[in-house]
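Included below are structure tokens for two forms of one protein chain, each presented in isolation as structure 1 and structure 2.
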Structure 1
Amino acid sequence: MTRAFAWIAFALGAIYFFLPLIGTVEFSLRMLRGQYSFEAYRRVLADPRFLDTLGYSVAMAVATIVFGVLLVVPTAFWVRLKMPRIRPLIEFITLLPLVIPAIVIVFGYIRLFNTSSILPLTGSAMGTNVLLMFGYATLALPYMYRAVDTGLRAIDVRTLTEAAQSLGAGWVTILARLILPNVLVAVLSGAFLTFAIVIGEFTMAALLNRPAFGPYMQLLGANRAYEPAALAVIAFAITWACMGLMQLVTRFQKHTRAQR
């Protein structure tokens, strides 16, 4: 009875998840009347704005991931090693982006870093890109921090650190050559979640007037019928490709550890 209930719940969940996707795919293939075709996909891929905005968002995602790793891994490591008492406070701070809307965060950035402030980041394209990267890192902070913190729980941080220090390793060496390789799977989990957030984010990129993929999707959806469905399927495929890559890397690392 329990197994039958589990299969029924799984089937209902699969229907709830896949039915809208199947409908979107089917609609995206009906651009040419009376037949199924990939015309909508051809037009999307032929649009130069598609590659420009996707390339920009991918570059911003990579920059955000690098910044997030450099920020979160040392912080989570130091909190677990030296300051475990403030861990609840750190967890509360990292949860704030889930509570505070992105539009509030970006308006705060604009107010603090406009051209009349001490740090006029919005006065140049590079400064605005940096500001947007900080915004993306803020949105991804709950996922990146929890992924890294979960990875650190699986290893004996204190023993590894003391052993490395006894051999003369410095803090940078400990983080780069000892801690990071041991939490690589957790870091990759947070990285791919960050990538998915950056690719689909609209509010910050639109209000900061950056040529990102999210605003392009919204603009196309406001003016076309079939192309937005094709673009949604493409974005979905990119996101799931990242998830699949994460699984492959995880299995490869487990296989490598087993061989050792």
Structure 2
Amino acid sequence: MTRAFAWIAFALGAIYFFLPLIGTVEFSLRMLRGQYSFEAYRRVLADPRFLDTLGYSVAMAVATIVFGVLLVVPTAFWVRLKMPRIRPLIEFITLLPLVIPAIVIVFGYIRLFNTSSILPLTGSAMGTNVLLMFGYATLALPYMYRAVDTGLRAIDVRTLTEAAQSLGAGWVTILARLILPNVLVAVLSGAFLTFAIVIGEFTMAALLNRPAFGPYMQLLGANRAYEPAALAVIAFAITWACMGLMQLVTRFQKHTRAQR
């Protein structure tokens, strides 16, 4: 009886989640009257703004990941190694972006870093890009930190570090050649998640007026009928690819662990 109930719960969940996906795919193919076609996709792909904005967002995602890794890995490592007492504080800070709405944070940015402030980041396009990247890093912080910290928990940071130090390695060597390779899988899984978040992000990019993929999708949605469905399918495929890659590296890690 338990199992029957479990199947029912699972089936209802599956229906709820698959109907919108099927509906979207079906809708995206309906552009030409009376037949299914890929016309909507053709038009989306033919739109130069599609590639421009997607390219911009991919670049932002990569920059966010690089910055996030450079910020989070040394910090998580240092906290585990030298300052375990302040871990609760660091964890609290990393969880804040889950609680403070992104729109509030970006509102703060706009007022704090405007042209008349001491740090006029919004004054230039490049400065705004950097600010947006910091904003994305903030959004990704909870996931990135958790992933890296979990990865560090799996290795004995202290022993590894002391062993490396006794062999004469400096901090940069330790981080780049010892710690990073050992938490690479964790970093990668955090990176894919970050990528998925940044690619579709709307609020921050829209309010900072950057030509990102999220605002482009919104704009298209407000003006067209069928192309948005095609875009949704494409966005879903991108997200799915990120998660699939994340699973893949995680599985790879388990595999190598088991072999050891």
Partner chain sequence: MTAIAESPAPRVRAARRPSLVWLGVVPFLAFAFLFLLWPTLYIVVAAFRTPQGDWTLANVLGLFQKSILDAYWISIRISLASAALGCLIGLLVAWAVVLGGLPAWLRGPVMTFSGVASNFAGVPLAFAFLATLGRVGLVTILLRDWFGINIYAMGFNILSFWGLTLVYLFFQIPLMILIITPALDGLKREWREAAAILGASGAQYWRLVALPILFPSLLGCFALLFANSFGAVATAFALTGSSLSIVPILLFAQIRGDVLNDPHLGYALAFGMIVVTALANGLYVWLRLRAERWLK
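Everything numeric here is computed off the predicted structure, so don't read it as measured data. What we label the rigid core is the largest C-alpha set whose atoms superpose within 1.5 Å from one form to the other. The first residue in the sequence of structure 1 is number 1, and each one after it adds one.
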query = Do you think the form predicted in complex with the partner chain is shown as structure 1, or as structure 2?
reply = 2
request  = Please say whether, between the two structures, the C-alpha of V25 moves by 2 Å or more once the core is aligned.
outcome  = no
key: Cα shift between the two structures at W7, which is computed once both forms share a superposed rigid core (Å)   = 4.5
task = Superpose the two forms on the rigid core, then give the C-alpha shift of M243 between the two structures in Å.
result = 2.4
